[in-house]
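Heads up, the chain below is alone and in the form predicted on its own; it's given as structure tokens.
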Amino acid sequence: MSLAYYYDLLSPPARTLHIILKMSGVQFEDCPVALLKGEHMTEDYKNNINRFQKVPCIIDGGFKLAESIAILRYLSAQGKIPEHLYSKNLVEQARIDECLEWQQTTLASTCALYFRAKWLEPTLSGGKTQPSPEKLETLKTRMETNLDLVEKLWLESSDFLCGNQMTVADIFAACVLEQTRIAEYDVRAQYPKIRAWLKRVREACNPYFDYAHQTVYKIGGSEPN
């Protein structure tokens, strides 16, 4: 087995790739990395695994690669990702890529900033670092601006983000949105289309979706539904 996968299920992109690998039947060496323990910040990790000191990443027969979307495209080019998840048709793939690129700079980034301020930074500081109500409200507003776009634009007339068939774009987005549970924000409460879409994605990806989100459910103190 030449492919080693380094991940922490606390990380949305790491969860996403874990789900996609399992759904695709890709065999890999399981290499969990405990982010909250700082295992990614060691010199050994930096020099021998991922120079950016993040997850997810892979080592494939000596070839090291970081960044979730780069890994996805690399594995797809090898024929390891089913075409129904990431199409090889030029137009269909471009539409998926458009959604992935949009997510990175909008949905994922604003959700991550809210999550960091609300939960991660206070947790890492032992409660010493707390965001001001004003800052948290600003971050929440920015996040909800993009949630509105998912609800009213991406899911306006289709079951999934890029049409009526689930693709990797849906899995990436779903894992981002599930992360907000930990920060005591559940998108299902005020976004009915997103709520129904998340249910479809979860059902299409299970049992791998629930397995990958077990940490999220536990920390967030919430059931999958």
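Start at 1 and count along the sequence shown; that's the residue number. Quick caveat: nothing in here was measured; it's all calculated off a predicted structure.
Form predicted in complex with another copy of the chain: not shown, discussed below.
Contact with another copy of the chain in the predicted complex, defined as any heavy atom within 4.5 Å, is confined among 56 to 64, 193 to 201, 28 to 36, 174 to 182 to 56 to 64.
Only one of the listed residues (S125, T141, S132, Q78) places a non-hydrogen atom within 4.5 angstroms of another copy of the chain in the predicted complex, and that residue is Q78. Using a 4.5 angstroms limit between non-hydrogen atoms, R188 is distant from another copy of the chain in the predicted complex. For the chain shown alone, K118 is not a contact residue for another copy of the chain in the predicted complex, no non-hydrogen atom being within 4.5 angstroms. Remark: E101 counts among the residues lining another copy of the chain in the predicted complex, judged by a heavy atom distance of 4.5 Å or less. For W154, a non-hydrogen atom is located within 4.5 Å of another copy of the chain in the predicted complex, even though that partner is not displayed.
Residues of 186 to 212 placing a heavy atom within 4.5 Å of another copy of the chain in the predicted complex: none.
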